[in-house]
Structures are given as C-alpha cells and as structure tokens.
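Here you get one chain, nothing else, as structure tokens; it is the form predicted alone.
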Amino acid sequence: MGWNLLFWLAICFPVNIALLASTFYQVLILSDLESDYINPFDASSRINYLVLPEFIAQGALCALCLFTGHWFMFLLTVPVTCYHLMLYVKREHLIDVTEVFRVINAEKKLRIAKLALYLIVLIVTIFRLTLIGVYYLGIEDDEDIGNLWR
C-alpha cells in the first residue's frame, strides 16, 4: 500500500469524519438550546468540551496537507484553521454561559458554515481516496506511482 493511499485512508478520512460529527453535534446542541430542550450551562459545557479538540484536529489536518504537498486540501482547510487560530488568540473560542442566548444565532450560523465546509472537504477526501485506490489497483510498477496528484 502506498503512502498516499495510507494518508487518505488512515489519516484524512477519519479526521474529516470526526470534524463533521463534532460540528454536527454542536449544531444539534445549539438547536436544542434554541428550542429550550437543554439548559444553557449544559449546552455551553458540552460545546466547550469539543472546541479545543476540534481546533487541534483541524490544525493538524491543515499542517499535514501542507507538509505532504496536497495543496488543494491545504487551501480548502487553511481559512478555517486561521479563523480558529484567531479565535483562540483573542480568547473568544469558548461559549460563555451568561451570553449564550445573545450569540446563539451567530454561533449556529458559524457552525453550519463550518459543517458545509467540512462536508465539502469530506467529499474531496472520498474522491481522492477512490482515485488513489483505483490508480494503485491498476498499476503494477512502483515507478509509475511516483507522483499521483501531487
């Protein structure tokens, strides 16, 4: 198995699924809070628990795409990574319990936009994974698989 296939199958795909699931869960919690099915303290603590791991996973995925030379994926993920970095530096990455109802619409729209971006990244990852898998199954020589979509 080539390194490129291993990169897409063992690293990018699971990280993308985790980011998508985490963001979907956060949108679900914000919707429940908006419908008054959950109290603000529980909603804030559940979302804040997932924020830092999401930032780390997104930054690691972006850095791995940069270091491995996957420029298209890097360019797709760098805006969200820069936004996460800006939020973390400004110390605005956590949801405050006392202000959660004031910022609920903005937070929900932000997370829906991130959900759409993560879905696009997942579709590109599945496409690239399928493409690399088909190329590796159809090529017998190691010399021919040198630069597949670099």
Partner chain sequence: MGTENPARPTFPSRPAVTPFSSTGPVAGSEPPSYRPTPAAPPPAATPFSSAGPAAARPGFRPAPPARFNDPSVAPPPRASTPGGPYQQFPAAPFPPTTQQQRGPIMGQASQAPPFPTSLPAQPQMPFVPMGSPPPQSAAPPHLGSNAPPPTFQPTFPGYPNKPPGAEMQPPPMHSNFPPNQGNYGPVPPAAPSPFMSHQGGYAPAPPMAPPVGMQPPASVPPMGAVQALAEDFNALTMQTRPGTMDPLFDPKELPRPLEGDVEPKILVDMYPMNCSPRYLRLTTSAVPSSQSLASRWHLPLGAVVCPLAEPPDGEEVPIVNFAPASVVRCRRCRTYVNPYMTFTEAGRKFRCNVCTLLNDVPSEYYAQLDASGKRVDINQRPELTKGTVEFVAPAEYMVRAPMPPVYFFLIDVSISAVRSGMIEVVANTIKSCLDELPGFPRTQIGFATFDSTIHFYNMKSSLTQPQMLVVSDLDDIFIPLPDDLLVNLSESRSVVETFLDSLPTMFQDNVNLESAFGPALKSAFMVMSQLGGKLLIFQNSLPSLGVGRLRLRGDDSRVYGTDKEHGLRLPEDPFYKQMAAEFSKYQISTNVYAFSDKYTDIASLGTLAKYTAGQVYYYPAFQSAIHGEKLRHELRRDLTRETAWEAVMRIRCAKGVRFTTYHGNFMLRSTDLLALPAVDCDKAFAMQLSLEETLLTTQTMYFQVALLYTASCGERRIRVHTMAVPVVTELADIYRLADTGAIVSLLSRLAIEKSLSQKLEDARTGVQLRIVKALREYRNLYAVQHRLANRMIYPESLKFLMLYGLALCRSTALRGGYGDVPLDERCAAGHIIMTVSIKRLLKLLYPSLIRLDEYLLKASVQADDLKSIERRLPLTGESLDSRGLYIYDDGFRCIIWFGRVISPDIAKNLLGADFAAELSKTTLGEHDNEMSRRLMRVLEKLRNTDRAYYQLSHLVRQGEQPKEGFLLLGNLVEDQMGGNSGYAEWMLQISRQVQQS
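Source: prediction; values computed, not measured. Positions refer to the first chain, counted from 1.
Heads up, the form predicted together with the partner chain isn't pictured, but that's what we're talking about next.
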Note to self: Is Phe101 near the partner chain? Define near as a heavy atom within 4.5 Å, in the model of the complex.
What the structure shows: yes
Item checked: Contact of Pro40 with the partner chain in the model of the complex (heavy atom, 4.5 Å) -> yes
Notebook entry, point to check: For Ile56, is any heavy atom within 4.5 Å of the partner chain in the model of the complex, or not?
Noted result: no
Item checked: is_contact(Ala63, the partner chain) in the model of the complex, heavy atom dist at most 4.5 Å -> no
Checklist line | Single option in Val97, Val124, Ile112, Leu87 placed near the partner chain in the model of the complex, where near means a heavy atom within 4.5 Å | finding: Val97
Note to self: Tell me which stretch of 30 to 38, 66 to 74, 79 to 87, 113 to 121 has a heavy atom within 4.5 angstroms of the partner chain in the model of the complex.
What the structure shows: 30 to 38
